[in-house]
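Only one chain is included here, represented as structure tokens and corresponding to the form predicted alone.
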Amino acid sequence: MPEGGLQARLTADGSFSLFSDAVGEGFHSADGALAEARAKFVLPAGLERFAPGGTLQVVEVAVGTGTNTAALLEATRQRGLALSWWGLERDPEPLRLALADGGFRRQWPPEVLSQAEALGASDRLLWGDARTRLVDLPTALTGACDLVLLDAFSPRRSPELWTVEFLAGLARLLAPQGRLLTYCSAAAVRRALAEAGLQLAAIRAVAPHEEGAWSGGTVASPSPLASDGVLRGLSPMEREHMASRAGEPYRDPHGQAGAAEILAARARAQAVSGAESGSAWQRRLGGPRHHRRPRTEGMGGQEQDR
């Protein structure tokens, strides 16, 4: 039954997720919430880079159901790593619903579930608008974060957390070898990350719905990112896409604008841009079919950059 505009969903891999009536979008790919957490956030984190016994500094934006948190806790425990974790989240209801759901709880070993519950109840989870709560993170995190996870709703639905200004704030958290991880591969987001001085790589597309897609997400870092079995460099056509009108970033100079205002400002900027339109680029070069995780029936619809 819907509760607070949120409907529970069972994704294709059997894992728990939610659909937001207010936003009109699901919290995860219909292919699987757990599969997405591992493919978009855990594997691209490159945990093998860290020696056992170390502690990772992590900031997670849009904690939601806590699936990414638990998946990272599980993976780091397996590697003998500890987490110093901070989270930013507006709404406590998704996490409450997940932790109360028997299916969600069965997804995790007891020790991981216990850790996730403790973090969710701690003062390290900062509630409210992430744009304003970002400055409440300890100053010691600036330039010291090994991982920043960004799993907000898609830019067309929640542009507030994909703006030049907010992404620049997240970029300042990263250690020299730190990584910002997101499922999103939209040209506007990638250009904003590049403008923040970060090097970019694509997450290789591996999920069933991504067959024929160019990218399964984006990783950004102050340092160059080597191609491997999980990451690859951006292709020339992806970089052309960033330079097209589709790459016009979302902007929120004062950190207080609503979604409609941010979208309207971007549309005005695109209208006067001399760059090639995103749709013309896609027709000319046969652009990627998927820029974001798809939401199937009951999980929302696919959106394209313009």
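Counting begins at 1, following the sequence as shown. Here the structure is a predicted model, which means the values were calculated and not measured.
The form predicted together with a small molecule is left out here; the points below concern that form.
Ok, 111, 136, 129, 228: which has a heavy atom sitting within 4.5 Å of the small molecule in the model of the complex?
Contact residue from the list: 129.
Considering the small molecule in the model of the complex, find the one stretch among 174 to 182, 121 to 129, 72 to 80, 231 to 239 with heavy atoms no farther than 4.5 Å from it.
Contact criterion met by 121 to 129 only.
Evaluate residue 62 for contact with the small molecule in the model of the complex, applying a 4.5 angstroms cut-off between non-hydrogen atoms, and reply yes or no.
Result yes; residue 62 sits at the interface with the small molecule in the model of the complex.
Residue 145: heavy atom within 4.5 Å of the small molecule in the model of the complex?
Flag for residue 145 set to no.
Does any part of residue 250 reach within 4.5 Å of the small molecule in the model of the complex? Heavy atoms only, please.
Answer no; every heavy atom of residue 250 is more than 4.5 Å from the small molecule in the model of the complex.
Contact between residue 153 and the small molecule in the model of the complex at 4.5 Å, heavy atoms?
Yes - in the model of the complex, heavy atoms of residue 153 and the small molecule come within 4.5 Å of each other.
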